[in-house]
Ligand code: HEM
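Below you will find one chain, with nothing else, as structure tokens; this is the form predicted on its own, and questions on how it binds or moves follow later.
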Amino acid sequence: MTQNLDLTDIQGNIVKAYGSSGFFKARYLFLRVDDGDKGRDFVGAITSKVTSANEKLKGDDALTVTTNMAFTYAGLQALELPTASLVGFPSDFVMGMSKRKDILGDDGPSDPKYWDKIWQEKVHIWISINGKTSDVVEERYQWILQQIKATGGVTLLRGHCGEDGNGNAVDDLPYQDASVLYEKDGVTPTAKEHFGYTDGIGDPVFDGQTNNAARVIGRGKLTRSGDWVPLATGEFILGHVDEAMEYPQTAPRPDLLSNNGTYMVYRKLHENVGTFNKFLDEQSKDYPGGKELLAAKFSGRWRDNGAPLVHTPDNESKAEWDKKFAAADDATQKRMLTDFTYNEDISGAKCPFSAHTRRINPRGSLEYGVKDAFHTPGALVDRRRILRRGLPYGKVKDETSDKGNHGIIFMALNADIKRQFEFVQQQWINYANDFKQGNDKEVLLGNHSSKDPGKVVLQVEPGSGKPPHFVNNIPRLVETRGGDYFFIPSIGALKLIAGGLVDPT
């Protein structure tokens, strides 16, 4: 049954990934509430500009800038929500990200004590600005500063690491900027991140999000007949039925507060570009397929265009795939990037069990012991999906060094942080028992330790007579530099919060 969503009530960043609609620039603000009454006035002022999922993002008369808002648990407390509502929030959200560091693997250089200074503050409110140009982002930012001044009761927090206007490193910026990366001409936008991978492919599609059946292929869930259908809405939005045919158990009272809202995981992830490049160069010297194939083995997709390894497991098949891809229309290209399953690669010889894309979305391939991996499709996977939002930040000035301020602002949206994001992070990225790989971590995002170097095994086709390839001494390639857990209310709930009208009775 197709879900009819009230798109005017759902914040736009839940349903739509702004970057895919040409909103290439972003700015993230974090605030502290100093006075409950005045803080609610500020929330009301910002709510007047909050972008709904019903807003037009492309074509004539489309928006050029968006604004969205969310709160930490401490922020909801500071805004004086009733106790009966506050006690209904789940413990993971209440604790916040830094106190969940052991679950998330935020140790060593990723420990919260090393995060940007802003995360040593008490963060209450998150506001995002996404724009089609830097000018419209700056204009909306200035408007928000005016609201801060006019209403009082909130403080814009400083402490982000970045660069000043002269390119000098600073650690007290009042916002976090983000942007798509550009080609060397500085004009042509790309879908790349700082390691050179094509990003943003295959984000989940849920019921009510789109009426375009082609978008669901490879991005929804598989039926026993092999068809792709949208995931249940309740996996991502509160107040709707999830994959267990239940309403999410993470919703606070009353329904008007929780319905059409969701939870967001915000993480600033620094990419050690110098270490990655050195590691890839060293490891590829002994790898038969060469540097780019090994890079693809780390990710599950080729860096240049995102070709999935399941269909392009070697250089020869990649060359043939590229010819078809170049000749295809836009719709066919998108399908080529997403329409595959690991049922075609149960042994992991094409796409390793350690590859990033296979770890975050195993596509039903964890049902071992049957000839057809989709005899019971999605038994584990469909309840672990997350919506991915965010953009790269910073520029890499020296590709041989890890120094600098560059990486990805990663945001995960889900109805249950513990069951979805935290499970994937703990059990699939930093552990591998579900993949029958012991404690071998995912290559790119794993919390690898110099004291206990990790390894992964790149399998070969059974019966080929070739030996598997071992990747050893994996360094930590990505470090956490900050973040927290947020609740994104519906627009109706924002108005209730602003008016002090939340009533759980």
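Residue indices: 1-based, along the sequence shown. It should be emphasised that the depicted structure is a prediction, and the values quoted were computed from it without experimental measurement.
Unshown form predicted in complex with the ligand; subsequent notes refer to it.
Undergrad: Of W126, Y73, F195, Y247, which one comes within 4.5 Å of the ligand in the model of the complex, counting heavy atoms only?
TA: Only one listed residue qualifies here, and that residue is F195.
Undergrad: Name the single residue among S179, S85, S284, N361 that comes within 4.5 Å of the ligand in the model of the complex, judging by heavy atoms.
TA: Comparing distances to the ligand in the model of the complex, the residue within 4.5 Å is N361.
Undergrad: Is R301 close to the ligand in the model of the complex, meaning a heavy atom pair under 4.5 Å apart or at it?
TA: Within the cut-off, so yes.
Undergrad: Please run the contact check for S354 against the ligand in the model of the complex: heavy atoms, 4.5 angstroms, yes or no?
TA: Flag for S354 set to no.
Undergrad: Can you work out whether G394 and the ligand are in contact in the model of the complex, taking contact to mean some heavy atom pair no more than 4.5 Å apart?
TA: No, G394 stays farther than 4.5 Å from the ligand in the model of the complex.
Undergrad: L269: heavy atom within 4.5 Å of the ligand in the model of the complex?
TA: Because a heavy atom of L269 falls inside 4.5 Å of the ligand in the model of the complex, the answer is yes.
Undergrad: Out of the stretches listed (148-156, 395-403, 118-126, 418-426), which one is close to the ligand in the model of the complex, meaning heavy atoms within 4.5 Å?
TA: Answer to the contact question: 418-426.
Undergrad: Given a 4.5 Å distance limit between heavy atoms, list every residue of 478-494 close to the ligand in the model of the complex, or none if there are none.
TA: The stretch 478-494, when checked against the ligand in the model of the complex, contributes only V478 at the 4.5 Å heavy-atom cut-off.
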